[in-house]
Each structure stands twice: as structure tokens, then as C-alpha cells.
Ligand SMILES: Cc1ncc(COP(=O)(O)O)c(C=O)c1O
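As C-alpha cells, one chain now follows by itself in the form predicted on its own.
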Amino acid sequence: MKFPERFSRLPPYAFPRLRALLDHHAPGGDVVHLTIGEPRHAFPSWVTDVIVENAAGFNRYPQNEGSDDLRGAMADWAALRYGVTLDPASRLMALNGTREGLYNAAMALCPEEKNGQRPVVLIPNPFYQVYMIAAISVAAEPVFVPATEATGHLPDYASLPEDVLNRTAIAYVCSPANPQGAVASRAYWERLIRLAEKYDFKIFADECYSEIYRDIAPVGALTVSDELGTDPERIVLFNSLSKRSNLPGLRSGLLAGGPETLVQVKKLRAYSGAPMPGPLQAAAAKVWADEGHVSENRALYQEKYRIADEVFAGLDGYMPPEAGFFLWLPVADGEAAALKLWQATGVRVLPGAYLAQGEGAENPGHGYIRVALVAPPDETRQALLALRGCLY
């Protein structure tokens, strides 16, 4: 039986790869999972009440682009968070989690050719894996651009050759960055928007970690583009309740863009999408409208930032994350470090190379491990102390 070759060279996904590395070795202590970015704080207790109150909606097909209430709540949140006015009917749609949107937006918006050639999709390296599979699926050329200490852990797309930029159709940017925790500044967004205007490509702004930060809320791509008077079709924004509200299982994401962008994405979704069930949309609308629980959640992560800063004080190369909930810790070899830590302590972390492209030391994640600050504070402290004692 013949299978498509376009996916034949995909590397193993990060977490099966981690299991293959660790699971045939016994842990060296009580197991602590600091690998997956799955929030473990409590979500608002009233969410289940809203779902139950709207349970009759399970008997009906849900609205494909999101209910009026849900899109209205998203528009209100965008106005509060980004200072922009978005028409809920023409500028916003609900997603069944942002991974769906990050993939399907490329399917709907990437042209077959750019300036008569195969299009390019720019991807930061390290990166969220769906960016790569989206590029491959639309037969574009994925170009992985280092996001390292030398570039402030964000990709320097302006450094690319002109022949690449002339073929670029889409540029993915994650801010706050997963895994490094770096934040795109206002100046960074402005430079990128000007570059996108010059070479006529879209910016896919993945801002799913935007509500977890130390002191100052990260500036959003929509805010800067609105201030610059940019064509609204230039930016496609993605955000989510998964990290903001500790609701990864609710699968409530949003996509914001220009009216024509939304027409194209909705058209594809009408054929192939899977909208959120109605009762979950009702709950999501209430969650997008509430900021109290978000502030409480942020305070818990800020406490864990302080713990990490204390534990790794004086460690050469330690980079306190500006935002998000990952530590990007320098080691000689990420795989060797993760295996040593598991066998010695039972603490489970992810080798940085599993989140990036490249062989050996050429992989920008090779000399790092990613640590997810998702455990309770006391457990986090003990795990980080064990980590430092073992690896440093």
C-alpha cells in the first residue's frame, strides 16, 4: 500500500520520542512531570455549572464559527487586552483549540505559488511542531530560522536572503516564545510588520502564552499593527483559554484577522472543521469575559518564577523567562541531561532538541532542556532543587 511521501521524513513527535528515551529506565525517585505544557492549576469552578446549564445544546449542531455570545466575548476581550476594535461577525472566529487554527489557517491562506515559485513558510527554530506540518501540508518550503541567544530567542527574519523573502507567504511568530519565554517588543513587531509589507507576506502571531508574565503584559501584534495603520489582512492572531484559564481540555481558541482572511478560513472550516460543542461555547464565552481568575492564575506562575530565580541564582546561562511557563535551561547535551536527571531523581524534562530542527550541535535546542513550571509551588521547588543538584 502506498502512503504519501510528504510526511515520510517527519521526525518522531517530541513526547513519544521522550518515552523512548526514558521509559525503559527506572526513575531515581518519586516521579515529577515537568515535560508537557499542560496547566495544572484549578480552572474556575463555575465552568462546569455553565456547561450543565447549557447541556441541551449537545442535541444541536454548534455554530461553525462560534456563537454570537462567544465571538462577542472574544471581541470585548480583544478590546480590553489589545486596545483594538474587532467586528465579531467579520474579524473573529472560534477555534477548537489553537492548534487547529494554526494548521487550517495555512491551508486556507497559503498560495500555491509566490512570485511564480514555490512558497516559503518561515518558522522559528525551536518551534511548535504544528507550524512545520502546516507548511508541509500546503506543499510550501518550511524555512527554519534560528531563535537563539544571539537573536534574543526570537527569529530574525530580516536577516534572510532576498530570494527567500520574495517567496515568503507566511511567517509564524510565537510571543511569548515557546520554549524560551522571550517576548516580542513593540519594536520587534514593527520591524516584522514593515518587512511583511515590503515582501507581501502574512504574519501568523501565536500569542497563546500572552497572559502569563512577570510584570508587564506583552505587547500584541494586533496592538502594533493597529497603531501603524497596517492592512488588517496582514496579521492573523491566535490565542486560547488553555494557558490563560487552565482549560486545555475545553479547546477554546480564537482567530482574529482581516475580513477576507476570515472569509477564506471560514470557507475551509465549513467543509472540514470541527466546531466546539454548544455547551462548551457557552462556558468559553463566560471565561473570556472574566479576568479575575486570570490574575489569580498569573500570580501562581509569578510565585514559581521567583522560586526558579532563587534556585538558579548564580547559574551561568540561566535566563529568567519574561513570560510563559517554561524554563529553557542550558546543558551540554539535552538528551543526556534528561536521561541522567530521570535516572538520578525521577524528575522528567524535555530535551530541547526535540523542539527544533537540525542534527547534533547544529540543532539550536541541543544544549538545552525545557522545564514546564506546571506543578504546585512546593513540588516545583523540590524538583528544581533536585535538578540543579543533579545537573549543575
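In this text, residue numbers run from 1 along the sequence as written. Since the model is a prediction, treat every value here as computed from it, not as a measurement.
Form predicted together with this ligand: not shown, discussed below.
Of the candidate stretches 125-133, 185-193, 314-322, 219-227, only 125-133 has residues whose heavy atoms lie within 4.5 Å of this ligand in the model of the complex. Using a 4.5 angstroms threshold between heavy atoms, R234 stays clear of this ligand in the model of the complex. Mapping the unseen interface onto this chain, R251 counts among the residues with a heavy atom inside 4.5 Å of this ligand in the model of the complex. Interface residue remark: C208 is counted as part of the site for this ligand in the model of the complex, having a heavy atom within 4.5 Å. Though the partner is left out of this view, A169 does not reach within 4.5 Å of this ligand in the model of the complex, counting heavy atoms only. With the partner omitted here, the residue from P88, G97, P279, G152 that has a non-hydrogen atom within 4.5 angstroms of this ligand in the model of the complex is G97. A single residue from the set K243, K202, R71, R269 has any heavy atom within 4.5 angstroms of this ligand in the model of the complex; that residue is K243. Within 4.5 angstroms of this ligand in the model of the complex, the stretch 101-123 places a non-hydrogen atom from L102 alone.
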